[in-house]
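Let's start with one chain on its own, the form predicted alone, as structure tokens.
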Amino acid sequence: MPSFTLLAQSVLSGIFIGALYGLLGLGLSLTWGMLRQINLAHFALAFLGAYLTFQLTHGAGWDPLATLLVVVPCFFLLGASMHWLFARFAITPFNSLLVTFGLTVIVESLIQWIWTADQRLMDSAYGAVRFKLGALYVPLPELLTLVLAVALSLAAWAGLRYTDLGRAMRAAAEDAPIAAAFGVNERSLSLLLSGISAAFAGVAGLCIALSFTLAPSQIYAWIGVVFAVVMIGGLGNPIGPLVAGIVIGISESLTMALTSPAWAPLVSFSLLIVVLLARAKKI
């Protein structure tokens, strides 16, 4: 039986990785739930953001957090442009899955062409900082991920709930023709929401670069668990993916501590099946 300290450290690690799951799922949940687009390219954008953070940090000597000044605006424009193309060609939700999968492969190939398939590790001053909380250790990169995930999720939730712009977005997502009759510009709001979701992917890329070794093929390793996070947390719900991500992260960490790491991937999909069955029973 593992010690209490090991279990507590596992729970803490689960919270940190769960926060990253939630941050990755935030933009995907918004585009899927409110724009009816299943954007697999969201994961490719996150890794592209991670590689851009790596390049600006190592090549230009930037502070990792300062790279957001470039990554976030560029990704906002990229996300808005993608949505404009989808709207221009009337891409259906199912076709958006296929199209964005193709975009994911293109981005992966672009990353391999520029940075090769070799693994990359971003060395920064943040990586060496660890705080001691009793017998537990809190790495600064993971703490930054948690802070960013909570802050962005709460900001998105408050913006959608309490601002006129957010109410207009929710109205357009619920019934676009009726919202348009009341003066809501559904097209502009959709471009804005898609840009914001892509910017969230850029922020997630920073967190990935701070904590993980980068390799182009890792794009696909995150898809399954983040999809589970989004489905469990609820589509179009900014807080749901964060909560679901933390639950799955803690479950996976405790599973690895108590049994074997090979059992960890089973957790997220088992929870997903249970939640889907429970929702189907209510219906």
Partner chain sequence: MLELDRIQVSYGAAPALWEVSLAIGAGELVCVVGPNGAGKTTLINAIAGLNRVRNGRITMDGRDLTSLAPHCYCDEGIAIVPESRRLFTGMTVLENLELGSYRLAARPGRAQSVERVLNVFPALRERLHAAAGTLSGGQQQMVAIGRALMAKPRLLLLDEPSLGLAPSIVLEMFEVIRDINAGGVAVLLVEQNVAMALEVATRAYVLEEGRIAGEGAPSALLATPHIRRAYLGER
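Residue numbers count along the first chain shown, from 1. What you see is a predicted model; the values in this text were computed from it and never measured.
In what follows, reference is made to the form predicted in complex with the partner chain, a form of this protein that is not presented.
Contact between residue 185 and the partner chain in the predicted complex is found at the 4.5 Å heavy atom cutoff. Looking at residue 177, you'd find a heavy atom of it within 4.5 angstroms of the partner chain in the predicted complex.
Not displayed here, the partner chain is approached by residue 181 to within 4.5 Å at the level of heavy atoms in the predicted complex.
Using a 4.5 angstroms limit between non-hydrogen atoms, residue 118 is distant from the partner chain in the predicted complex. Only one segment in the set 164 to 172, 81 to 89, 127 to 135, 94 to 102 has any non-hydrogen atom within 4.5 angstroms of the partner chain in the predicted complex, and it is 164 to 172.
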